[in-house]
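Shown next as structure tokens: one chain only, the form predicted alone.
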């Protein structure tokens, strides 16, 4: 007992610098933002208590409602498409392929680029006049496509580049999960007459439940914080079609100097991401309790 207590104490001392850094860089700013969310503050004069005015203004602002819809559209759409594509690519690389290592590196390479670099690169690719995608479409007899200035195409176009950038990272996670599946399981299902789709649904996906959940939740939380692509490529347009929650927060804080409203958006974002992070744990705990 004495040795165990000493080990716990040593573990606590080793963790303390990280906990202090976490508190200083995360919890203190969050608490400060929560306080400012109940004030009117423009950085030029002292904050004034405003009660729930900032939250009421947000929930009655149609542009904020549109920003929520755009954010959910981007995040959910990216996750649904991305998880399926990442799983299929991971299954492809799980086989013996000629040049598989080089191809895995190529798929992972965009993850090493910053979002600013990726956004500038794809802005050139999408360019209606000199962009290679439109040049290819014109050579095929298809008319010019305004990827970033058409309100119906702007968000899907941003979604495509985000999928391209993040696919490799999440594919590697799913590939590691696939390699951990005992080969006897799909072989036994094949012997029993299961086709490729049945082995995928009844063997592969259940065995990959934890990696798939991790990928979906992590990707979704990242999608909810989308800002750089919209800021660099479209400035929230056209017609607010790529305006997201974080873009709205940036505009409130740095363009309109409405720090109280920006802080209220930050608090709501934190609560949404926190709920998203703990919800799978609650569901898993309920399943374990019902199974027991």
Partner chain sequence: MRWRTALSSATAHVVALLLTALYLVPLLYMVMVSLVPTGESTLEIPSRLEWSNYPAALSASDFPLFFLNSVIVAVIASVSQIVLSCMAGYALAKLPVKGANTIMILLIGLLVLPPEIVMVPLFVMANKFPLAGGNDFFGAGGMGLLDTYAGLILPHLASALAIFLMRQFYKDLPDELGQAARVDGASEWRIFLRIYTPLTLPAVAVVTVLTFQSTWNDFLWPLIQVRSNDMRTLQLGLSVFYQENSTQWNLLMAAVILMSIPVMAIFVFGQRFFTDGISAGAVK
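Between two forms, the rigid core is the largest collection of C-alphas that superpose within 1.5 Å. As the structure is a computational prediction, the values presented were derived from the model and not from experiment. Numbering follows the first chain given and starts at 1.
The discussion below concerns the form predicted together with its partner chain, not included here.
Novice: Spell it out for me: taking its partner chain in the predicted bound form, does every residue among 6, 10 and 231 have a heavy atom no farther than 4.5 Å from it?
Specialist: Yes: 6, 10 and 231 each sit within 4.5 Å of its partner chain in the predicted bound form.
Novice: Is it the case that residue 60, even though its partner is missing from this view, gets within 4.5 Å of its partner chain in the predicted bound form, heavy atoms only?
Specialist: Result no; residue 60 lies far from its partner chain in the predicted bound form.
Novice: Verify the contact flag for residue 30: yes if a non-hydrogen atom of it lies within 4.5 Å of a non-hydrogen atom of its partner chain in the predicted bound form, no if not.
Specialist: Yes, contact at 4.5 Å.
Novice: Is residue 38 a contact residue for its partner chain in the predicted bound form, using a 4.5 Å heavy atom cut-off?
Specialist: Although its partner chain is absent here, residue 38 would stay clear of it in the predicted bound form, with no heavy atoms inside 4.5 Å.
Novice: Indicate whether residue 87 is a 4.5 Å heavy atom neighbour of its partner chain in the predicted bound form.
Specialist: Heavy-atom contact with its partner chain at 4.5 Å: absent for residue 87.
Novice: Can you pick the one in 191, 201, 142, 180 that has a heavy atom within 4.5 Å of its partner chain in the predicted bound form?
Specialist: The residue from 191, 201, 142, 180 that makes the contact is 180.
Novice: Scan 14-40 and write down, in order along the chain, each residue with a heavy atom lying within 4.5 Å of its partner chain in the predicted bound form.
Specialist: Contacting residues: 14, 15, 17, 18, 19, 21, 22, 24, 25, 26, 27, 28, 29, 30, 32, 33, 36.
Novice: Residue 22: CA shift of at least 2 Å between the shown form and the other one after core fit?
Specialist: Comparing forms between the shown form and the other one, the residue 22 CA shifts at least 2 Å.
Novice: Does residue 10 shift between the shown form and the other one by 2 angstroms or more at the C-alpha, the core having been superposed?
Specialist: Superposed on the core, residue 10 moves its C-alpha 2 Å or more between the shown form and the other one.
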